[in-house]
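Shown here is one chain on its own, the form predicted alone, set out as C-alpha cells.
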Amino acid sequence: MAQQGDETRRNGLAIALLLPIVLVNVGVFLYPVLNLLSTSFKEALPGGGIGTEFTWANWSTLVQDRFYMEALLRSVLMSLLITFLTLLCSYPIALYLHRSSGQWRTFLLVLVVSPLLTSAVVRTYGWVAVLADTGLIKNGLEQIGITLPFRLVYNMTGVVIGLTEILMPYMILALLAGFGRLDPRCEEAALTLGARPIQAFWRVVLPLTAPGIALGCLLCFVLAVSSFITPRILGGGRVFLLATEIYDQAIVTLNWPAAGTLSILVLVVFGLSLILYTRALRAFD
C-alpha cells in the first residue's frame, strides 16, 4: 500500500509539472493549427470573409494548380540546398570551436552568436547592398577583370546566399550541441594506429558527430522552408515560395482559406522532415 501511495504521489507530481506546458502548447500551438485546418475547408468570401460551409475547393486547387506544386518543389529543393551549404560552411567552424578552449573559445563563440543579436531584416538589407549590381562583390570582381554574367540579387541566387549566412549561427550551435559524443582520444587512437588524418576524419570524427549534423540539418531546413523576410527582400518578388505565397494569400488577396491550406502543407513538410530526423538518429545509434 505504501508503495502504491508513493507511486500515486509521483504520478500526481509529474502531472502537475507537465500540466502548464501542456496547456501552453494546446493554447498557442494545437488550437491555432486546428483552426488553420478548419479554415482550409472553408470558402473564401469577397473582402476577406470566410464562409461557413465545408468545401474541398482549396485542397483541390492546391493539388491541381501547377503553380503551387512548383512553389512546393522549389521551396523544398531550395531549403535542401541551403541546408547543405550551411552545413558545409559551418562544420569546420563548429569543429574548431569544439576543439578550442579558454578565452579564445569564448571569444569565437561570441562572434558566432553575435549575428543573432541583429535583426534578420537588417542583415538581409545588408546583403542587398553587398550583392547589388553596384555592390561590393561585383565591383571588387570588376576591379580584377572578372565580370559576372548574372545578377546576385533579386533572384534565387541572392536568396540562397542570404539564407545560408543567416542560418549559419543556428547550424554551428546545433553542431556544438551534438558534438558531445566526440572524444578526442578516439581520433588520437586512430592516428596512432596508422590512419591518415583524412581517414580518421571520415571513419571516426564524422560518424561520432552525425547526431549533431542531423540536428543542425533539421533546424536549418525547417527555418529555410518557413523563412519569409529574406526570400521576399532578396528575391525581389520574383522568387515564389510557400512562405511568400502564404503572405500574399493572407495579406494581399485576403484569401484566408487558401493561406490556411498552404500553412497546413508547410506543417506536413515539417512533419515529414521530423520523421526523417528520428529515423536518422536511430540509424546513428
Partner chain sequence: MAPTRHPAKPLNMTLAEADMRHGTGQEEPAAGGFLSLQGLGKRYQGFTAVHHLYLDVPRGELVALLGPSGCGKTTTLRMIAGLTPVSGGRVLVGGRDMTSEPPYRRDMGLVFQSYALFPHMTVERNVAFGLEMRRIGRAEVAERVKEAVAMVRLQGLEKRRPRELSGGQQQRVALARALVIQPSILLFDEPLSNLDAKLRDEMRTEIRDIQQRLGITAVFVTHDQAEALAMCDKVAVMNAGRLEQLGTPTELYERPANPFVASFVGRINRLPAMAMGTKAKVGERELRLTQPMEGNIEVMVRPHRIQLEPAGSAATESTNRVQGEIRRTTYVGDLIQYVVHVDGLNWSVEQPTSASATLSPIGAKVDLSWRVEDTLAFKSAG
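Numbering follows the first chain given and starts at 1. The shown structure was predicted, so the numbers you read here are calculated from the model rather than taken from an experiment.
Below: the form predicted together with the partner chain, not depicted.
In the predicted complex, the partner chain sits beyond 4.5 Å of every heavy atom of T106. Using a 4.5 angstroms limit between non-hydrogen atoms, G145 is distant from the partner chain in the predicted complex. In the predicted complex, D133 stays away from the partner chain, with no heavy atom inside 4.5 Å. Not displayed here, the partner chain is kept clear of S100 by more than 4.5 Å at the level of heavy atoms in the predicted complex. Between the options I161, M78, I213, A195, the residue in contact with the partner chain in the predicted complex by a heavy atom within 4.5 angstroms is A195.
Residue in contact with the partner chain in the predicted complex (any heavy atom within 4.5 Å), chosen from L176, M168, L152, L208: L208.
Across the options 133-141, 116-124, 82-90, 187-195, residues that bring heavy atoms within 4.5 Å of the partner chain in the predicted complex belong to 187-195. Taking a 4.5 Å heavy atom cutoff to the partner chain in the predicted complex, the contacting residues in 198-222 are Q199, R203, V204, P207, L208.
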